[in-house]
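This document starts with one chain, in the form predicted on its own, laid out as structure tokens.
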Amino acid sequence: MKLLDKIQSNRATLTVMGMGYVGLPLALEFSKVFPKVHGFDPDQIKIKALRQGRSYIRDIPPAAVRQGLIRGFRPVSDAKVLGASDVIVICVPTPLNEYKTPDMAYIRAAMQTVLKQVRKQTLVVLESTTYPGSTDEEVIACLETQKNFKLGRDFYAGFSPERIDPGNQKFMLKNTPKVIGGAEPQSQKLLQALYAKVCDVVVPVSHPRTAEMTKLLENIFRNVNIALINEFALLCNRMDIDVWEVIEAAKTKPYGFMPFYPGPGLGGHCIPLDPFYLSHRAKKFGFITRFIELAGEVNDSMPSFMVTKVTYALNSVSRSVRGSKILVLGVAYKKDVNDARETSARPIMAGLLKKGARVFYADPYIARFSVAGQSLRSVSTRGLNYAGFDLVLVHTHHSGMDYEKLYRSKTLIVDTRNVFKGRKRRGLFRL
């Protein structure tokens, strides 16, 4: 097979569609092996930045982009490159709509772009997180019905779930096992050859649906366990028991226990969204994912609880939320990333604004943040005067923040991340 030979001999031309948190690192990794790698994105601002050797993703230093450009990485917004590509990898967003059902618009738009340019003997891979059956319905059926291509003869297809963990410096693309699911035997061989070039371990499964379900299981596992510990934290709070101390004691057991930690709510693109992708699909099979949906309800309730916690803290010093000056420390969805997708900071801040609070935020990685129709600018984190606020809510525990200065201040603190582990002082409230 010519395409297999091209991949194995590093002569294949690749295009990665979507230059976000998944597509950009993948394209740069491929460029270490293949001399012709295009990074396609209709966003002209992103393409301009990449062409100038700049990065808009914290985990990817500008030097990595510049090195990629030297090797042959080409950021483009012209879809014509798809027609000259042997491999097309789709890494576009898969959000939820206002009704919390899967929004497949980005995948469908990407496929319409592919249809206009794709040639025969091309491998099309979907990496976007989605529900089982998406590769069959949105990629394969599209090429078969609208291009009259035959799978396994005119084109090849498969699914390989992304496993990018923003901020994780230990497990990167190369040393994280890569699951692949080819749509038929030839596609599986091509996927194996392709990802073996950039990943130390490739894990083949029998079908794209299996690979799609694998991704959902990974994230729903975390979602459900976070919901369990969040509910446990709420109970401990009611019983005046330190949940963090309970977790530390429980995790000394060398078997049968895995520690998860409570927080102000879920964030990021995967964990809060993936359960809804599975529950949406399950309904088509007459199955209700009660356990998974309950976990979602628990996690969705945490921001509201944090607003209540802030109210309680202010009431302890005879202050009302209305008119109080509140600082939210960190709005990114996780530590040391510049990503605020689905962050729980937004509903918390919206809830406080609704109660009449004057809400500010400080985040060294996110200069602007929109909430409840307002566009806010981060308070400078350098020499931050905590005493100027009635209450500080620690939402995201970024490294390098002066938490000791906050602790020494007389300002009320609501600590949602156990930053002040085991410490006590008047006016310190912990989750």
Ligand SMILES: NC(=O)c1ccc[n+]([C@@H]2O[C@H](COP(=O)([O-])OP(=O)(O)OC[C@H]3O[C@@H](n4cnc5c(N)ncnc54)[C@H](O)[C@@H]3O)[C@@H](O)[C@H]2O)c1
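Quick note: we count residues from 1 along the sequence shown, nothing fancier. As the structure is a prediction and not an experimental result, all values here were calculated from the model.
What follows is about the form predicted together with the named molecule, which we do not show.
Only one listed stretch (122-130, 225-233, 308-316, 240-248) carries heavy atoms within 4.5 Å of the named molecule in the predicted bound form, and that stretch is 122-130.
For a residue to qualify, one of its non-hydrogen atoms must sit within 4.5 Å of the named molecule in the predicted bound form; none of L3, G83 and K189 qualifies.
For the options A110, V331, I220, V87, the residue carrying a heavy atom within 4.5 angstroms of the named molecule in the predicted bound form is A110. Comment: the named molecule is not present in this chain, but in the predicted bound form one of T94, N338, T289, Q117 has a heavy atom within 4.5 Å of it, namely T94. Shown alone here, V22 lies within 4.5 Å of the named molecule in the predicted bound form, counting heavy atoms only. The named molecule is not shown here, and in the predicted bound form it never comes within 4.5 Å of any heavy atom of D402.
Within this chain, K46 lines the site of the named molecule in the predicted bound form, having a heavy atom no more than 4.5 Å away.
Although the partner is absent here, D363 sits far enough away that none of its heavy atoms falls within 4.5 Å of the named molecule in the predicted bound form.
Of all the residues from 266-288, those having a non-hydrogen atom no more than 4.5 Å from the named molecule in the predicted bound form are H269, C270, D274.
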